[in-house]
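We give structure tokens for two forms of one protein chain below, kept apart as structure 1 and structure 2.
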Structure 1
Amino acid sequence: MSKEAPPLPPMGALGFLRFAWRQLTSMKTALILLFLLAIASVPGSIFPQRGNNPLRVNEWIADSPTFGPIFDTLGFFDVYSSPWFAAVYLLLFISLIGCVLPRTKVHWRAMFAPPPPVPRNLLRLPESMSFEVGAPAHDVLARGQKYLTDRRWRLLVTENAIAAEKGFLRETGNLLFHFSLILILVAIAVGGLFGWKGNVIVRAGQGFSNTLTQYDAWGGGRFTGAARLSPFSFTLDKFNVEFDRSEAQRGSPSLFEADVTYRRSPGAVAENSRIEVNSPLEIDGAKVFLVGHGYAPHFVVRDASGAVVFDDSVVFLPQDGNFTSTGVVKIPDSEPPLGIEGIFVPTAASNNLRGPISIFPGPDDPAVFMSAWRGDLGLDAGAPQSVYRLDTKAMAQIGLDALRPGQTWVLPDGSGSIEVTGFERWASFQIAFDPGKEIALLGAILALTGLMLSLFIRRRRVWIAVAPSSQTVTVVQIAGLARIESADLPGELQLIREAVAGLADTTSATPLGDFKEQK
């Protein structure tokens, strides 16, 4: 906590360690580490981050084969979990602890110690005054003592002087603030170790139960086992969405909400809830958030004999603000296996010149543009495959077509037909459990409280010294000292002056005509 440069290091390993520790916990190091923390945070706002957007990271790396892997190795795509970022904030927090602990000890002692005694020459202090009062010295002192005690100054009273000190909460607040930062860091760690977070897409009418296999993506901390997932389930009954049709904000969503039926455990009673963007559903500490939505066109595929080989809706992922969405259908059971790459547009452009692009996010004129493939889907190769991508390496294209709901495309090779019967909506949910968030909130509240104490409370000392000049006249000297610049100190001294002169009960506007200035 030393604000001065540390002394030269003594010899030896222990001496060096002590020197290093002093350096690390010095104010200047804290300053530099804070700058480093600011700078280290920047790349994460420029490069896409795996935690937020893994797809964009992959694109970025694919698009720049030279720099992509280098930046990846350097951790630019996982900045906030990279070793160098951790190094900066861990050093900062070690420095913080090394800083705050000794300072707490000093402050603790200071709180029970009397204020420092009166300096020899009060009038040398920049804020000081001297005047005469027509009252005996002990009366003057008694008035000063009463005034200061009433205002909860801490006093050291001697025969002919008072030393007073106020504003200890400033340092208390400062320490509270720094300790709360540690608490917030602990909260983040608790959330990271014991919490979990998953994403899932649910089509309207379909259900979800909270087990690992049901998630599209799931991440948990070291101490979150699958066993800790609470056994709730829900069904997406209905998904409501509306888009703005005004000229100015055409197409921006004006409402989306999901009506669900949920059970806390398999045998529990069913309950209803509506999940909206700013109002998640909370079940057993886990929160279910509505984060996105889209379309799932419904396909019925028949083979050459007319028998249905596929009859389901398929989730398509939106690619732009107007929900031009892409997806694939894989039908390994048809002979030979069939694959469909599709683009769903909720509102097809009236002139088809612009290709399969939607011009409005609502389903005013839905259509599906398709490309059908036959051959090996590659599903048996064992490698995990994305359900949103068709591997056409071992396949042959058999044709292209566009369908509106209700229309059927008879495949040109005579192997069957594809019908689009309509579409469902789907909603994507983020389900999160963070046991650290209450601690973090507590830390934030304490930090804010400490901060305000530490910035708004002024620590200051005042001294009153009296010397009798006759039986009834006393020469009084007052002086004050504030640690930080404080415009109010002169005013404060003025009030004390009025108090010791016996004028405290009158308003401060009373002219001080009966004092004779000596300074």
Structure 2
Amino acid sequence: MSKEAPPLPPMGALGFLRFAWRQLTSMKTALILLFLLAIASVPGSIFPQRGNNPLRVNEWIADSPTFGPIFDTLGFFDVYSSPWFAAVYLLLFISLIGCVLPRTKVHWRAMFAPPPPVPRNLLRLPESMSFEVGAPAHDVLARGQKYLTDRRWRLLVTENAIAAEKGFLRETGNLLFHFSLILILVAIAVGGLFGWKGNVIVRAGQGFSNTLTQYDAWGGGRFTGAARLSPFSFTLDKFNVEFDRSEAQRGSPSLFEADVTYRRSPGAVAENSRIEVNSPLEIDGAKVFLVGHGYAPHFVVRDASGAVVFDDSVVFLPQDGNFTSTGVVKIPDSEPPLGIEGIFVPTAASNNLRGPISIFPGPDDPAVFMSAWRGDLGLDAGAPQSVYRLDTKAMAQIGLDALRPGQTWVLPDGSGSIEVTGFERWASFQIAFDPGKEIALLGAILALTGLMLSLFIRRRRVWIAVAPSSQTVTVVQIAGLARIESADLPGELQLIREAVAGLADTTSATPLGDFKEQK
């Protein structure tokens, strides 16, 4: 009758903590956390983020009253600042450190330790051979030692055997790759805490100062604020853009650049620069990228008495590759207040389904198609509004019309008139400061280096044992082990066999008949 196994002692608090730490620092857990971090980043690319575009977030929640508040509570609009994202991020960071550091310690010791001694029975290994060589035992070992030393094997030489090992850089590359992941996580943390990024649209002839109020959208880390922004400024002197008119590339930009005058601080000497798509302007660690462009039609609006109540260019946002652009004009100073929804087309055409469209991005035949509204613009409510959207809930439409530059539309019911005098160019810039980009670059280089070492370095061990059969004949046993199947160990052992037999050196080669493999 079999006895039952005695019950295991309780784990205890210390044992549980030790078990939890081992599970957290295992490679399996690190891979799971890396996968979870990738999944957790998905909402940040789907939903607008409050740090970059708070107005868009408010519009999204207002348009979706059911799911908007739920997603807001879950942190989908502040993904990278949410507690659950930070928890996954920190757990992955700790898991990688706890996984890499102990392995690095073990690997460091193994690199300076001698190769393992010769096993008692080499012929039991899968890759092994035994043969006789017509030479004394010490000559056979000397040949094997010279062959392995010339090829940078680590050796352990005894009286009648040689143990050799090679390919330690494979494990070094593996550790280097995992260490690079830690560096990349550090770079993301540094960039997220101390970096910032903003977008701004600047019309030709207008300027920009690096202050929070000047940005159309801005997002910064927890340790970044207005006091940490560099006090530079720039003016968009001229925006140059040309479009290809050939049939194959029609409409694609052949020239896309901005000429700016910038100052590193108020009162500093003005400097000139040209910003292109892949050539940003760098000032005090911040980079100014040219990311887009468009048109800003100029409107002159008069009230019923003929007084000018609005005289400015308004940025219209492109909606397609031919720069069919939409925008709104808000005139709260008129009586009653007016609002205009407009479509600007640089090369006008008409489509039965889509209405007015542009058929070429260049200003060959510009026109503005407008819808005029009268009533309460909602500006007195105190809630922020988008400058590209008109709230028409408390307004009444008073007419539709299309104007080309130089034409005037007299509004019905004595509401005044609207004149389109022309248009200006605008360029959009993304200004970013990322203190972690150098660390991320180093991590990427180390990751590629470690990956190549892991893929192309072969880790293997070989042993050579000799036993004199007579004064002129020696029995040789050779065996090897490889960590990967692609190490070509049989071919390596064959080369060692030829070397110890003297066949690898043609100047002192032993005839092939002087050794024979034992069955």
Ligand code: HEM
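In this text, the rigid core denotes the largest set of C-alpha atoms whose superposition between the two forms falls within 1.5 Å. Keep in mind the model is a prediction, meaning the values are calculated, not measured. By convention here, residues take numbers in order along the sequence of structure 1, the first being 1.
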Check against labels, form predicted together with this ligand ends up as structure 1
Align on the rigid core first; then say whether the Cα of residue 117 has moved by at least 2 Å between structure 1 and structure 2. yes
Fitting the rigid core first, would the Cα of residue 391 be found 2 Å or more away between structure 1 and structure 2? no
State yes or no: after fitting on the rigid core, is the Cα displacement of residue 138 between structure 1 and structure 2 at least 2 Å? yes
Fitting the two forms on their rigid core, what distance in Å separates the Cα positions of residue 85 between structure 1 and structure 2? 7.2
How much does the C-alpha of residue 450 move between structure 1 and structure 2, in Å, when the core is lined up? 3.9
